[in-house]
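Before any questions on how it binds or moves, here is one chain, the form predicted alone, in structure tokens.
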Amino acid sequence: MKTYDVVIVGAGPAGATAAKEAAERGLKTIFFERGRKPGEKNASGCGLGPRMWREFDIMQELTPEVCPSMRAGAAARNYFVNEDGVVAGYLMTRPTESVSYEPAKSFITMNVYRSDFDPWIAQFAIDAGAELKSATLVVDLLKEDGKVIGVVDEKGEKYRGFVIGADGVISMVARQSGLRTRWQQQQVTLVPQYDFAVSPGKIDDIMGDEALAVWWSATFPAAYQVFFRDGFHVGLGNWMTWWDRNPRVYLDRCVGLPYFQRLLRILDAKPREFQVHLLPWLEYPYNTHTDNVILVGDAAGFPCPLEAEGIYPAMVTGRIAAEVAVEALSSGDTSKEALKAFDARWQKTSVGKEFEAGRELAAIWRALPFSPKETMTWFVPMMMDVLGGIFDWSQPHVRRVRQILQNVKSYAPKALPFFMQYVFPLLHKVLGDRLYKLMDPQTLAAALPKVTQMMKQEPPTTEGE
């Protein structure tokens, strides 16, 4: 048996960050990777948010020389697809004036392939003194008197130490430690995606500074498209309880859109890989630790409750887990009670701030872009009337605005219940009592007759008007 202070299962961003932090604090640390190198088993890409540059000094060293796929993007395009499979309109967004710091003023995300990023971040852990054991599958936990004291690999080799589980959505550490048998179907999403190769010159010339696109659709769950230096991927997902047919059918609907096919042609995109992965999507993480064990990243369900971004919370929780491990080992108390410090600390970070409204964020996302038949069938045309109708020259603009309001009024039987059930609870969670001050009932009551009058049906127009 080999003995370490800290044994980390998983060498992704969560595991590597934990290994780096533990080793820098003087702990004898080992972290395991089942592939030949970190990132080899995860060929997909990700977007790195600007706040990572504020909180992790190592991000200043992320360059194209060490991560060739990286590509910054300052724009995001939102496509709106109606029931007929037609892109009824799109909206471009960029960092707004309310953004208060760099580099968030310069880019929305820094996109990288995990096959580049994971080995890069793992090297920091190695340089700090952590031992990386690759091409090794950890299959069980080592126990003594019912308490976890280490891990066992596929060859039967035993490693004693404090255990940090950074082994992803299907976490062996979570199962064998008794923290979780498996995720419930409504807690995990299935995500299929296609990856395409594109020459860097074409991406820059045609897409400009676009980082990503979201395809809001009435015929498939919302799809995402992320651009890297030499390619892009497109994928979509939904909770396991949603699928009524092979998920690839819905992904093919997105890729098969005439608008998307046109984009493939002008980019001269070449299919490179088909990928499928699972992703935890929780209202709030739970059962994150037990005696001598802490779960981090996807293993604990830390992806953002709104859009399920997972790299940032993985690194934050990995760092905190290492800090708590150092203190627990120093005090000689690695009990479940002592490790409550882990929850107390992540809850005070921006990761914890996200989960303060986790239930409301997950609910609105589930009910809006992930409900194409129920919600997007009316949401897409309503949005296009509001955003696009004003540019219609078929009538005088004053008359056209009234027509738009009248048409929007027809969506009220579905839009108002949606607002009350999903939007209002989220606003109340975020604003608290201030919501009632902003939406004073007397003010609304006074304005309602005027709005109703504006939305009255226009009389028939005369020919040629």
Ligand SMILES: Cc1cc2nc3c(=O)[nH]c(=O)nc-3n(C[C@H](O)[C@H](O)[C@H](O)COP(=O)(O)OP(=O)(O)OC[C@H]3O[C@@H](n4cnc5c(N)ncnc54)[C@H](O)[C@@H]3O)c2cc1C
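Since the structure is predicted, the reported quantities are computational estimates derived from the model, not experimental observations. When you see a residue number, it is the position in the sequence shown, counting from 1.
If you look for the form predicted together with the ligand, you will not find it shown, but the lines that follow are about it.
Which of 319-327, 336-344, 98-106, 300-308 sits within 4.5 Å of the ligand in the predicted bound form, heavy atom basis: That would be stretch 300-308.
Considering non-hydrogen atoms and a 4.5 Å limit, does the ligand approach R253 in the predicted bound form? No, R253 is distant from the partner.
So, L368 and the ligand: in the predicted bound form, are they within 4.5 Å at any heavy atom pair? L368: no contact with the ligand in the predicted bound form.
Contact label in the predicted bound form: I294 to the ligand, heavy atom within 4.5 Å: It does not: once the ligand is placed as it appears in the predicted bound form, I294 has no heavy atom within 4.5 Å of it.
Is A23 near the ligand? Define near as a heavy atom within 4.5 Å, in the predicted bound form. It does not: once the ligand is placed as it appears in the predicted bound form, A23 has no heavy atom within 4.5 Å of it.
Between the options L279, V249, M382, V87, which residue brings a heavy atom to within 4.5 Å of the ligand in the predicted bound form? The residue in contact is L279.
Taking the ligand as it sits in the predicted bound form, which residues of 314-351 have a non-hydrogen atom within 4.5 Å of it? Please list them. Sequence-ordered list has one entry, A314.
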